[in-house]
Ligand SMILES: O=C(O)CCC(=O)C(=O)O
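Next comes just one chain, in structure tokens: the form predicted on its own.
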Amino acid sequence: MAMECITSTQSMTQPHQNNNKESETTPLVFDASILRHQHQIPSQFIWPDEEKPSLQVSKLVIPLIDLGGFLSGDPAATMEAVRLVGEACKKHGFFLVVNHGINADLISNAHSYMDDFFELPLSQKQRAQRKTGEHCGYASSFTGRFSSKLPWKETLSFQFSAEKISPKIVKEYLSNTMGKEFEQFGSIYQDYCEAMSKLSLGIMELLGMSLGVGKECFREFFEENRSIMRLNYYPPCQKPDQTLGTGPHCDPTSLTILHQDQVGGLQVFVDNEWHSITPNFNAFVVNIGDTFMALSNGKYKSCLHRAVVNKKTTRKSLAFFLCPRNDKVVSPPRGLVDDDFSPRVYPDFTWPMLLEFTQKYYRADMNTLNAFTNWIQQKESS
């Protein structure tokens, strides 16, 4: 579910600019077709001992939130969903939803079409190569951005817009980037993003009700969202105890809706320990990100999570990162702010400001929002 990530336990007042420099030497090339078979993995992918994954962790048992009654307008079912969402977001910012109304064939197609791209030779995938400082395109690990603690994965990211002026932005981007043979590929992910946008607005209604500001408050804020879709492809690794598919982090975006395949690998940090999340094809994994944590004035928590890899099987996941329209100011509703009992925790900002911070100055981790807050305050005082 990640943007780029790294673990840090120290309080940070300055962005890690040194972590974001491209290597002065030729960057390592992550060619999954070769590296997936190597028993000696490159040192850049080996994580420090204190951060290496434990592949034997307990499973997290959490209630599935049934959206069926909410979507059909049942008041009692809606209030139960509101209660469960509120409890989860106060504790760890993570929950699963079922009976969500998303067509199962669309989900299956979105998973299967990933192979059409990621099983291409590296040189062909690089037609969509992500450019330095940008967040869309193909990335083979992030070898061009970072020189250590690299994630064992490939990604393809693209922009989605719910604005009427950009009705087919996903389809056009993918077919223009990869060629006409990818028009159907683009159509699948255009439809998938539209479905995720609709689902996310429904979840925003539940979040608004659970925070006591009404169901329309956050729905309206995100109605014309300008979000990010990411296809995650985790190839097998012969040393899965040495590396991570995605390091521990909280997403800097507002809300993440993830669908994982049946392989498994997602872990969340709850009650001071890591827990695995059993894959459920009928469920979406939903987690709060830093931007919504700021919108809630810190009442709801960003979810700390990571992904592990395995020796034998490629793991795939679909991540939709809900983000507000670029000109929307991230500021909590008045009902969530009280000078005496609940003062403002974070300054106002726009999503492009936080995105720029994570792309150019700071490698997103569990402390991104605090580091970003300090960065803004230092800029304003200088």
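All residue numbers refer to positions in the sequence shown, first residue = 1. As the structure is a computational prediction, the values presented were derived from the model and not from experiment.
Although it is not shown, the form predicted in complex with the ligand is what the next lines describe.
Chemist: Using the site C-alpha superposition to carry the ligand over in the predicted bound form, what's the verdict for this chain: open, or blocked with 3+ ligand atoms inside 2.4 Å of backbone or C-beta?
Modeler: Judged against the ligand in the predicted bound form, the pocket is blocked.
Chemist: What is the one choice in 203, 295, 266, 150 with a heavy atom within 4.5 Å of the ligand in the predicted bound form?
Modeler: When the ligand is considered in the predicted bound form, the option within 4.5 Å is 266.
Chemist: Wondering, does residue 301 line up within 4.5 Å of the ligand in the predicted bound form on heavy atoms?
Modeler: No, no contact at 4.5 Å.
Chemist: With a 4.5 Å heavy atom cut-off, would you call residue 232 a contact of the ligand in the predicted bound form?
Modeler: Yes, residue 232 sits close enough to the ligand in the predicted bound form that at least one of its heavy atoms falls within 4.5 Å.
Chemist: Residue 70 near the ligand in the predicted bound form, any heavy atom under 4.5 Å?
Modeler: Taking the distances in the predicted bound form, the answer for residue 70 is no, it never comes within 4.5 Å of the ligand.
Chemist: Counting only non-hydrogen atoms and a 4.5 angstroms cut-off, does residue 258 reach the ligand in the predicted bound form?
Modeler: Although the ligand is absent here, residue 258 would touch it in the predicted bound form, with heavy atoms inside 4.5 Å.
Chemist: Suppose contact means a heavy atom within 4.5 Å; in the predicted bound form, does that hold for all of 125, 154 and 171 with the ligand?
Modeler: Heavy-atom distance to the ligand in the predicted bound form: none of the three under 4.5 Å.
Chemist: Would you point out which of 313 to 321, 33 to 41, 55 to 63, 337 to 345 contains residues with a non-hydrogen atom within 4.5 Å of the ligand in the predicted bound form?
Modeler: Only one stretch passes the 4.5 Å heavy-atom test: 313 to 321.
Chemist: Using a 4.5 Å cut-off on any heavy atom, which residues of 237 to 270 would contact the ligand in the predicted bound form?
Modeler: Contacting residues: 246, 249, 251, 258, 266.
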